[in-house]
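Two forms, one chain: they're shown below as structure tokens, one block per form, named structure 1 and structure 2.
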Structure 1
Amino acid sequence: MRNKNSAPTMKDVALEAGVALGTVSKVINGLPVGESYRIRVEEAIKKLNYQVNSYAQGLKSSRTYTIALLIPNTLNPFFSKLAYQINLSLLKRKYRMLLCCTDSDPGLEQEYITMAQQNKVDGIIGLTYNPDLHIMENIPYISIDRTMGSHIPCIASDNFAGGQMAAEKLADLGCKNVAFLRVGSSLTNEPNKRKAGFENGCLARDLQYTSKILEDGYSLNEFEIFLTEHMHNGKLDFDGLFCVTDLIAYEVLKMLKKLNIKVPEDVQVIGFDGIRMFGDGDYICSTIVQPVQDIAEMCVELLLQENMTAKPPLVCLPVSYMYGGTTKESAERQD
């Protein structure tokens, strides 16, 4: 008789269901058995509250059914939404997500790669900033926003098209003199293309533009100094601003309020990412929206494919524009 103080085993489930131990194993692992046997096993599992030892299963199959996600933090709403959607995509495929917040620490990023080499996870999805990150070719790895070699697929939004879309939208809304505000990594990555796309859009629409670019680590107060330097007689020289992220746009909006510049009456502002209040509320500003759910699905789908060599080196997903109150068109005009 089973000790009631101990956790039930597969053998206990087999006895309760009146079936062979092998039948229980097949049901747990999703292998075909007779319908009546499957029902009896599932009822026994429920009655005994049997918990599958996924770690032991992993040892037998050389899999842990766990994927590591490397992101800088969960403070940034864009990273949080990305983690949420990737977790949903993995759960649909009966995989678990190990969330690794690196705080952009190059050493931590490399440590998590080493963990994968030790077979503690079945693969990695990474949004990383370590310029010297070393990934063994036998490690299933998907990169977000950063091209890291032909053997590692990179999933990104179409950042060039997004930058161009922002310029064209400002032009359509009557802007004549605009500015591009950016804080960015020195790494060569896909988001850097937002600047090139914006410049291309400005040239195509005869928009006069100025750029203010800060490297990582610089204080955002530099943007306030920049804006102040471009004020004359209480008015801003620019009638449109494109901020490389919504978070920068959010901070710039506070600066504009401090300078008594009205948005969107005096200057229109467009950000990039598609961040919404409380996850699914209003957009925090008019913005170029990244398709986060599609990015997550593509990352998981490619990572779990067996043949890594057949995977594309770069996948760019389309972006869209959404009104968020910082441009002059009304919400009713949006789809």
Structure 2
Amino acid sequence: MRNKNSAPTMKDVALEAGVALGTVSKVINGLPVGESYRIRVEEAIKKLNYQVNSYAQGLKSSRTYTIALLIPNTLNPFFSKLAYQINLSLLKRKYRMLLCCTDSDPGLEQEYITMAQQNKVDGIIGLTYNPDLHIMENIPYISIDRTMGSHIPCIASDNFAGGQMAAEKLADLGCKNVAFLRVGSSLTNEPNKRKAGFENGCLARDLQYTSKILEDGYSLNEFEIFLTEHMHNGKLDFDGLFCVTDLIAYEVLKMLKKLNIKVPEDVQVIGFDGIRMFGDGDYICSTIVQPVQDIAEMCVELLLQENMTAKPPLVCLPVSYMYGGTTKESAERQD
């Protein structure tokens, strides 16, 4: 007899329906089975209140315990850290990870999605810049940094809050006149919100601000021209710069050096991402750090969570500020 206090198992359902265990499995997995058997199993499931979550645990016969990660490359330190953390999160749960670096061949993305459709992988975590990517409704897919429709959860840093945090930090550190430097992307993606957050923060803190946005494909040298145009008598008009990525901050720091402008004495610089030397060493600049480990864990958690009938369409995870030598170290709040 079944212990009434424990959750019913598939075996309980089989006993109740008077059918073999395999028949219950077939019904649950939607495989063909005689109509009278199907009805008996469904009635037993209803009567015992057999939970969907039990189905997921042991029954899906085609489970591969393999997840594919689609990512442009693992050269960029943000991507390589993401790949590392997602790998750890999956291995912790005894899942294997197929890595697919996609930047060399956009067709690869669709190929891996087809694999998911054919149940050769259980699901996909994707960070893609391909606007034409078609993801079928029934494929477990988690997107990073880009919303792809309400049926696909998107996980990202709280980019808006990060932009706002950068503005507030510069204000706290005594800046009065700041600039935002960004390379634009034509794609709608979450990192685009950094600009709106920054402007919001500047307005809230009465910070005067200027934006310099380069279109995709423009040379970063444009920033040097912009900075030179904003110099008078060897001094930069700005006392604070927010660069939309650490990569841009790094390039801008080289330009400032050439222009003989001292960091952080003359101008303070904040980047975004939290890139560290050699993966886990020094920060390259003062920066808004993306919570890569939390992003990875949330992607895996949501992807493998089969009991949710409604998955959240957008999850924004909290960022943090980290000193990295390009701002004044001891902050005195000005307000």
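If you superpose the two forms and keep the largest set of C-alpha atoms that fall within 1.5 Å, you have the rigid core. Structure 1 provides the reference sequence; residues are numbered from 1 along it. What you are looking at is a predicted structure, and each value in this text was computed from that prediction instead of being measured.
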The chain seen in the form predicted together with a further copy of the same chain is the one numbered 2
Is it true that M322 shifts between structure 1 and structure 2 by 2 Å or more at the Cα, once the core is aligned?
no
Check your understanding: If we fit on the core, is the Cα of D266 displaced 2 Å or more between structure 1 and structure 2?
Key -> no
CA of V41, rigid core aligned, shift of 2 Å or more between structure 1 and structure 2: yes
